Structure formats: structure tokens, C-alpha cells
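This document opens with one chain alone, in C-alpha cells, the form predicted on its own.
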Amino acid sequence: MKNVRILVVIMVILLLSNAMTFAAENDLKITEKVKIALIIPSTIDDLAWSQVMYEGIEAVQKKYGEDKIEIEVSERLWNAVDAGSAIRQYASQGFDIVIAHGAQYQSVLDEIAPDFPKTSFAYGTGFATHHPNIFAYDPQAQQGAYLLGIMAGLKTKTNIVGIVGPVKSGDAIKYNIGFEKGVKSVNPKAAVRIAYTGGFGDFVAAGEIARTHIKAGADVLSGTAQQSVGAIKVASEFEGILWLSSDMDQCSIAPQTVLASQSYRFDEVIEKIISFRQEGIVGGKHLELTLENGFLEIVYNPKLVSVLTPEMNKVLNEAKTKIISGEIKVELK
């Protein structure tokens, strides 16, 4: 027995040593300060799209140190024209990476990028890189949404599921398609009802749509964009309603309502961009966030995770494995 214990201890030490070696090998060697500017449509504490990117950059700064990573942020730039002024100013000041965090900024970057060929610009959700110094980061939101849809299909008692959408385009459409397919994969009888506010930051309208869904019988809701915070707060007013989130872990908004969240690992995206620049590549890359590369993950609310039975978790784990392997392809049609 003593020999077995010694062997176990040795194995643990070896595993930890290997893990530390792997981490060290994958850390960036930053010799000169990297200046990163972030332009966001809302605020760094919106508990959604903007905050998860800010926290991603902040995590990279914490990892490598403020002497290696400098961060500047411009908030509340919903208007792409106003954002353009900030983008150009940061590039003129010599920032290495300028991130315009929204698909609405693509055309502005297309105009500005040629004037600053040594600056790396990035935007998302996007896939087009019309210039060699633009990175497009592209969350495959339909993948995590498919898993959240499975949860909704398994947990609904009324067979009515509601989605609070921002606009009928981009990341929202990808999410909605994946979510509905996930629901239908385990519960073909369930109805998925979708309504849109027409914007990204209308918290009141999002809340009213959530209320309408619930009054119409929906007992599981979901949605995307900054406005989802308003919908979650309304959902939390009703007993027995579950919410499934996207963008980041939102369980703190309503610990008794938010079951799980699809969260984007933007820290990994930022490190990837820095790594490319170290190789002399300043853009022209389409960076996907997927379950396979770990840039996209599902985060469970520890206070509610027990509502998922072992059988439900088995279905979820099998689906996740099949998405990663390619056996399940969440097609956007």
C-alpha cells in the first residue's frame, strides 16, 4: 500500500510538472510593451459583450504585467462615426492593436486601416479581412447555443421556449439558429418563439419581450447582446423560470434564474493576435472561437447545476463531444 501511495504521488508530480512545462512553452515572450486600445459600444461593466472582451484583455495584462501590456478603453461608442474618430486617434498615437468590438465597425476599419499599415486592427463578430492588417474574430455562437438549446428542450415543462433577440443579423442569428436546433434535437414538440428589439442596448424592450414570452407560457428563456441583462432581471421576477445566457457568465445577475452561459474566451484571441504580430503578421486572419479550440465554453451556475440530472448531463456531454469531433455540424440554415 505504501508503494502504491508513493507511485501516486510521483505520478501527480509528473502531471503537474508537464502541465507547467506546457503552459510555459505556450506563454508569449513579450520583450516590448504592447499597446492595446479597445472601442466598445457600451461599457466595461455591461455584464455582456463589452465586459467579456475588456476582461479578456485585462486577463492578458494581468498574466504578463502592466509593463508589457498597456490598455486604453473608449466606452459608449454605439455610433460607428464617433467610433471612427477614436480608432483613428489611437492608431495615430502608436497603439499596436486597436480593437473595435462590434460588427458595426467593419466599414470604419476598412476606411482607416490602409492609413496605418503597421497597426493591427480587429473587430468581431466578423469574418471578412479586406486589408492585411485587420483581424476578424468570429465566435461560432451556434455551437454553444446548440448545447444551451438542449438544456432548454430537456428542462421546459410547458414546451414553450422564448428567445429575446437584438437584431436579425450577425452573431444573434447564429445563436438563435443553433439554440433552436438544440431544442428540437431533444424535444421536437417544443415551440421556440423569437422576438427582436431592433437594437443591442434596449434593456426596457428586452424586458418587455421576456415578460410577453412568460405570459404566453414560456418557462425557459434565452437571448443575446447587452440588452439581455434587462430580460434576465424581468425573468427573475417569476418563479420557476430558467434563463440561458450568451457572451459571458451572467449567473450573478440572477443566481436563481440563470442556469448556464456560453462564454467567450477573448483572452485567448488577444494572445493569438499578439503571437501573430510577433511572427510579423499584422492581420489578414479569420479567428474562430469554437468548442474545439476552447475559445468558447459553457459555464454552469453552481447554485442551479443540480437541476440537470445525470441523464441530462450525459446527453449534453455526448452532444459536446460530437460537435468537437465534427459528427454534429450546427449548420446555419
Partner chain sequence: MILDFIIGIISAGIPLAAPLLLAGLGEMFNQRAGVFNLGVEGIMLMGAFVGFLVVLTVGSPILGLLAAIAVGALMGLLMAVVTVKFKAQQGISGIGLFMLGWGLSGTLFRVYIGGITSITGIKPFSFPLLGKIPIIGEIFFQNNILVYIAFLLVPISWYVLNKTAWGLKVRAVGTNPQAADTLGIKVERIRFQCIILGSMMAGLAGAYLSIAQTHIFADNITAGRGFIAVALVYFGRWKPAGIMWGTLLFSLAHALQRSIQVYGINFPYEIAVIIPYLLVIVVLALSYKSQLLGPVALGKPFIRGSRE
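None of the values given here were measured: they were computed from a predicted structure. Numbering follows the first chain given and starts at 1.
This protein has a second form, the form predicted in complex with the partner chain, left out of what is shown; the following refers to that one.
Kindly confirm or deny that 76, 198 and 202 each have some heavy atom within 4.5 angstroms of the partner chain in the model of the complex.
Yes, the whole trio is in contact, each within 4.5 Å by some heavy atom.
If you check 118, 130, 157, 168 against the partner chain in the model of the complex, which one has a heavy atom within 4.5 Å?
Answer to the contact question: 168.
Using a 4.5 Å cut on heavy atoms, which of 47, 291, 299, 308 is close to the partner chain in the model of the complex?
The option sitting close enough to the partner is 47.
Within 4.5 Å of the partner chain in the model of the complex, counting heavy atoms only, one of 179 to 187, 90 to 98, 118 to 126, 208 to 216 shows up; tell me which.
This holds for exactly one stretch, 208 to 216.
Could you confirm whether residue 237 comes within 4.5 Å of the partner chain in the model of the complex, counting heavy atoms only?
Although the partner chain is absent here, residue 237 would touch it in the model of the complex, with heavy atoms inside 4.5 Å.
Answer with yes or no whether residue 113 is in contact with the partner chain in the model of the complex, where contact means some heavy atom within 4.5 Å.
Output for residue 113 is no: heavy atoms all beyond 4.5 Å of the partner chain.
Since only the chain is shown here, I'm wondering whether residue 86 would be in contact with the partner chain in the model of the complex (any heavy atom pair within 4.5 Å).
No.
Please tell me whether any heavy atom belonging to residue 230 falls inside 4.5 Å of a heavy atom of the partner chain, as the geometry stands in the model of the complex.
Answer yes; at least one heavy atom of residue 230 falls within 4.5 Å of the partner chain in the model of the complex.
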